[in-house]
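In the form predicted on its own, a lone chain appears below as structure tokens.
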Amino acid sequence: MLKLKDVSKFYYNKGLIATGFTKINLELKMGEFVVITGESGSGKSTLLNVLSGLDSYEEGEMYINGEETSHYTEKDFEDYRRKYIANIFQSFNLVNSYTVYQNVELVMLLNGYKKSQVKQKVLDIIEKVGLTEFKNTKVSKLSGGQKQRVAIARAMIKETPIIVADEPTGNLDSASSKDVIELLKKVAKDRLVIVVTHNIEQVEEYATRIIKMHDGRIIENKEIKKVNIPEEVEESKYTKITTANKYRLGIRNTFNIVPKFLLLFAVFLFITVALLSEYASFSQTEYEANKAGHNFFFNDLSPERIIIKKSDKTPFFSEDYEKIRSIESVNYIIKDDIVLDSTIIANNQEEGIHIYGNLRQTELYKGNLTAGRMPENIDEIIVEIPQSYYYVRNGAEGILNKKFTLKSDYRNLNENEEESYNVKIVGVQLYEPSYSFSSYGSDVNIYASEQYLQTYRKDLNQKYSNIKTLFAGKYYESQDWNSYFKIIPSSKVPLGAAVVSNDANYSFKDNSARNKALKIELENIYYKEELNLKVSNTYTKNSFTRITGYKDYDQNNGAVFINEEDYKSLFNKPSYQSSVFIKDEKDLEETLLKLEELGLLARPVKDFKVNEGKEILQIIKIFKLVVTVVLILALFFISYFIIRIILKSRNVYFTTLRMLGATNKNVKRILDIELFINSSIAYFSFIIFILLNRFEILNIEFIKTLLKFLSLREYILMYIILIIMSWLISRRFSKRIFKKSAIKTYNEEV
């Protein structure tokens, strides 16, 4: 069965050569119970390791069933151990965190047996070695004799033709030693059993051959009893380990040692938090840089804002808004879009208080009032204002319950009250503005009723409209700063008529403008309008007040006065442009697509920003990539160093798997699965923690930042990076385990 011809084993250490054994010639046959004895250092254990394929040799030739092995690779010796060798180690080499059953079962799982094929066979072997009552006991709680019985059971169940035992009774009392040797003797009937011991008296009566060694040489090879040699040598029946068994062992190894699991969990959790935090931090910086910018028309540059118009250029109606509200990502709609980008002035002339702010609809207010109450009447407003604002620096009482006039900021504050709106501030919210995010427009928000917003829209339509008057074959442009052909409403003028200056008479040959046609054409970015009128009268300085209702002739001379209803028809229009505000900026692209499906022209307001910091943004992106790569590499080597320390106690376990016949590939795969499970549990534990914050079960600011600046794509990417890192750590660690022969690795780690 086994034959050695002039085989020598040497050890190399720092340039020095030590001899394990020299020029060994030996032939061992099936059915023999071979005892190798000698004093410590004689080479007996080294010889046993070479015979069992756990170690290589340097000279000579070893034959297995007549086949030369000098050309064998580590993989060939792995196959040899699986087919022919079952080991019983001096230090047992059991998995202390496994039960008796699991230790015996391990061999069968590694050799490709399905779990359904294993159970009864394992129980039978455990019964043979007298450990049935301890089958579910962890081996760490067993006595030395009981552990050795488990080791024998593990060797027996493998059903290999050769069993090698290194000092199987070295740690046992005399009674336990006798039981172990008798068990081995029973096994030796149809197998080759090789026992190394320094206590020949314990095994002498059972031996068929005794080999004595001294100083690396065989000094005696004595055959005690003749044996019947089997005609054929049956190899151990095995197949490749199943995928299910790999995962079974990987999962078992993940949780069988709780401190190890918790340490690995902590390492992978640290990697997860570090990667996500770093990426979120740079995303926030990039977000801030990207938000920086301005636009001379748009005050509110909120990233959640989308400007919408109908593709057919018609105004919005209630049914249009209902369809938009049905989009899940939509938070709210500002119908009068133009008010978002205009500044309003709340003016208290008596006390000299002038509050500049953005006009908002009262229904959109979601804050908590510092003082006062919510509006109950059309002429009541609330103000959201920084507590450092000049007029409220000593408290809300400075403006609360006081009357103000609301005016567009382009008007002079001293204009007639007829062009302003009287309101009362009934509620005030003071707040401390955060400048970590850009402030859009003014820091002050003025919330007024929807009725006022509709009126204000009319004024803004006038402000942003180009008005021309066609009269006597010529066009005259209306300007706010010039009264000449400026359009002014008057209750004195009949519907469909216009009143012009007496000087207009000179534009006609008959010196009379009465009953002559006058056409007003209005155009702005939203709509066009025409108004065809007839001149009903002309005014002079003396008749100005009587005909127009206004007093200041010098300021308004040359203006065209029309009926108030005609005037309203020019400006009192429905909304042609509105703004949609979404709940989360991350839903922007999806919302744009859904708005376009409704036949709307939709553009995010951020597209209109002028950003002089694009170069800075590019630098941030490059820096983000570089730092992320460096961080990943740093985390990999740090985590590998820590995990290697944590798994150092597992080196013996993985080396034991090799000794039991597991291949390099199988051990790596089991470790891959173990680290994959650990990393996945750590990652998804953190994701659950994030979800608890998303649903406001927890309220942690750090997690809220992650939620704001990380999308599903980033979460998936980070998980892939984490899995790749765990895989690389497993590769690197496995490579270290398989760098040397099984016995060398084992001896270094024990």
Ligand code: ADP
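Sequential numbering from 1, following the sequence displayed. On a predicted model such as this, the values are computed, not experimentally measured, just so you know.
Heads up, the form predicted together with this ligand isn't pictured, but that's what we're talking about next.
For Ala18, a non-hydrogen atom is located within 4.5 Å of this ligand in the model of the complex, even though that partner is not displayed.
Although the partner is absent from this view, Glu68 stays clear of this ligand in the model of the complex, with no non-hydrogen atom inside 4.5 angstroms. Glu39 belongs to the set of residues with a heavy atom inside 4.5 Å of this ligand in the model of the complex.
Although the partner is absent from this view, Ser52 stays clear of this ligand in the model of the complex, with no non-hydrogen atom inside 4.5 angstroms. In plain terms, the part of the chain that comes close to this ligand in the model of the complex, with a heavy atom within 4.5 Å, is 39 to 47 out of 39 to 47, 681 to 689, 706 to 714, 60 to 68.
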